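A single chain comes next, written as structure tokens; it is the form predicted alone.
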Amino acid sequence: MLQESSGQVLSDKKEHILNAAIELFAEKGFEGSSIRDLAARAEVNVAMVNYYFGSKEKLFETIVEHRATFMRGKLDEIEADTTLSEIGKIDAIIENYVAKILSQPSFHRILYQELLKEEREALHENIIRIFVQNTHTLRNIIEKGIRKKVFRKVDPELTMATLIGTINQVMLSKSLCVMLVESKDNFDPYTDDAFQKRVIKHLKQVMHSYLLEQMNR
């Protein structure tokens, strides 16, 4: 069940509305969806949607916050794992990000399509603020690896952008993905286990070559 920012469990009704919103945004996009559409999809009245969220923008922020909070918890667990080396932690982050993003392609397409628009600057700033918090853990791991001289001196934030950018490239357009990997038209990158493993293997190879000092490869 989804969690409130305070750590409390969301009410069943609120969680139901959020799940309905994700489905609706996936079908019509954020711009093409209204609070009235959402109320109809969730089979609740408009007043209830407004009571919980206040606006469509705030509802979208809530969805993003929950998704980011879940991933933040995973990242914190990885950072705190004393059995993993720095590069082992990077490998674990790659595995989690690939699995998370490819398992929810509709939501992530909506998110990045929204961020490309020029309207709703306040909403975009809040979304970016939420996700920036997740770069802190990766930065800490990379900086520790640099201090221990197992990693080369690199840009931690742009390293995160490299990881997420690659995953997004294969996620944002199924047809483009099919073309890039030269697969059949009925190939589904979001549900194909072999393809997910291929993406993970590629990203690990890239990060190992990029991060590790020659003597540690």
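Computed from a predicted model, the values in this text were never measured in an experiment. A residue's number is simply how far along the shown sequence it sits, counting from 1. In this text, rigid core is short for the largest set of C-alphas that superpose within 1.5 Å between two forms.
Although it is not shown, the form predicted in complex with the DNA is what the next lines describe.
Remark: of stretches 144-152, 187-195, 166-174, 53-61, the one touching the DNA in the predicted complex is 53-61 (heavy atom within 4.5 Å). Every residue of the trio 33, 36 and 44 has some heavy atom no more than 4.5 Å from the DNA in the predicted complex. Only one of 181, 161, 48, 26 lies close to the DNA in the predicted complex, with a heavy atom inside 4.5 Å, and it is 48.
Proximity of residue 13 to the DNA in the predicted complex falls within the 4.5 Å heavy atom cutoff. Residue 58 shows a C-alpha shift of 2 Å or greater between this form and the one not shown [criterion: core-superposed Cα displacement of 2 Å]. After superposing the rigid core, the Cα of residue 148 is displaced by less than 2 Å between this form and the one not shown.
A movement of the C-alpha atom of residue 120 reaching 2 angstroms or beyond is seen between this form and the one not shown when the two forms are aligned on their rigid core. In comparison with the shown form, the Cα-Cα distance of residue 132 and residue 50 increases by at least 3 angstroms in the predicted complex. Note on residue 24 and residue 173: their C-alpha atoms are nearer in the predicted complex, a change of at least 3 Å from this conformation.
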